[in-house]
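Quick setup: one chain, the form predicted alone, written in structure tokens, and binding and motion questions come after.
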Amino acid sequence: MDSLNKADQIAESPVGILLVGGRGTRLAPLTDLAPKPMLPVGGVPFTLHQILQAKAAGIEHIVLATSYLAEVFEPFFGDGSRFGLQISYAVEKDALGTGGGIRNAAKFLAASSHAPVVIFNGDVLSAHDLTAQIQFHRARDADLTLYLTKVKDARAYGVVPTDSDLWVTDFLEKMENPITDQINAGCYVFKRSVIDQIPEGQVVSVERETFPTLLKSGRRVQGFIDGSYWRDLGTPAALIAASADLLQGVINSPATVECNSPTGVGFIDNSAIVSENSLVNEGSVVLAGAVIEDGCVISGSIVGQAAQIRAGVKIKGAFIAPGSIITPSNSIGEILGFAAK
């Protein structure tokens, strides 16, 4: 790369694509009415945390790659101006997978060969240094830079080994005895030219197809290792825990609502009604229109819109579905998991 191209690349702000097209079947029945990225985490739709993370890293234009219930995103996020950046929407009539979704969304970005393209998986909450990841990508003139994190037990994940200079050496599927504890953490920085080579209009997986193909063809694929907070929100327990972590300051996000519970660390929407004899603590969130009667304890939980918690109920580590009615007669399984209508 000559010095002029380097200067052009540094001058251009990075752009982003946020993959929010998934249905989130493991989070049903909550995702029957809302896509997983729009579920409340830290008191706001989860996607807002990622949008503000992108903004903080200098991203000025982000495309939401939508599919399932695509119509719910734009009414909330609009054109992005109230968040200080530009938001566009790429709707997939039929889900195209991660690679196909990235290729489809890239059409809504300016046709630039220099601006790095940051890809966010729509269900990962992290505190990793995205600015440093982008800088590392540029400094090493990489074709692809993957955010990697280390886990105690990598058997449930595909692993990504790197050499001493952090160049990726392989992409390995789940195995009983992983050769490394480094896993793909769901945030990538691409050269635009690499995205343009993904087949258009086809179902493509970047994890299973694009990444291994790049490596085999000799492209410059590197890892960016960051040990900060990371959580995949694909399961009910993970989503609930992440919300409580945000309220309790385990991880910080400018999107998180401010705690206002008089009885502990928690947030109560102004339109919710909570008895003064009830406790809302341990990072709980009580959303609009919810009613919590006397003698209740809500710990580390999310109480959905217009849910009703009858007197004397104790809830811990649960997501109470919008409109639910929880009474002392509900089974412990319902209260500790999802409470359906």
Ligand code: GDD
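Just count from 1 along the sequence shown to find any residue number. On a predicted model such as this, the values are computed, not experimentally measured, just so you know. Rigid core: the largest C-alpha set superposing within 1.5 Å between the two forms.
A second form of this protein, the form predicted together with the named molecule, is not displayed here; the remarks below concern that form.
**Candidate stretches 192-200, 243-251, 214-222, 123-131 - the one whose heavy atoms come within 4.5 Å of the named molecule in the predicted complex** = It is 123-131 that comes within 4.5 Å of the partner.
**Message:** Can you work out which of 83, 157, 136, 89 has a heavy atom no more than 4.5 Å from the named molecule in the predicted complex?
**Reply:** For this set of options, the contacting one is 157.
**Prompt:** Just one of 150, 107, 174, 140 has a heavy atom within 4.5 Å of the named molecule in the predicted complex. Which one?
**Reply:** Looking at 150, 107, 174, 140 one by one, just 174 meets the 4.5 Å heavy-atom criterion.
**Prompt:** Looking in the predicted complex, any heavy atom of residue 230 within 4.5 Å of the named molecule?
**Reply:** Residue-level check for residue 230: yes, a contact with the named molecule.
**Non-hydrogen atom contact residue 267 with the named molecule in the predicted complex at 4.5 angstroms** = Close contact is absent here: in the predicted complex, residue 267 is far from the named molecule, nothing within 4.5 Å, heavy atoms only.
**Prompt:** Using heavy atoms and a 4.5 Å limit, would one call residue 21 a contact residue for the named molecule in the predicted complex?
**Reply:** Close contact exists here: in the predicted complex, residue 21 approaches the named molecule to within 4.5 Å, heavy atoms only.
**Prompt:** Closest heavy atom of residue 237 to the named molecule in the predicted complex, within 4.5 Å or not?
**Reply:** No - in the predicted complex, heavy atoms of residue 237 and the named molecule never come within 4.5 Å of each other.
**Asked** in the predicted complex, do 12, 61 and 145 all put a heavy atom within 4.5 Å of the named molecule?
**Response** So, no: the whole triplet misses the named molecule.
**Prompt:** Along 63-77, which positions have a non-hydrogen atom within 4.5 Å of the named molecule in the predicted complex?
**Reply:** Those in contact are 65, 66.
**Asked** Does the C-alpha of residue 71 move 2 Å or more between this form and the one not shown once the rigid core is lined up?
**Response** No, shifts by less than 2 Å.
**Message:** Superposing on the rigid core, I want to see if residue 140 changes position between this form and the one not shown - specifically a Cα shift of 2 Å or more.
**Reply:** No.
**Request:** Indicate whether residue 127 shows a C-alpha shift of 2 Å or more between this form and the one not shown, with the rigid core used for the fit.
**Result:** No: residue 127 shifts by under 2 Å between this form and the one not shown.
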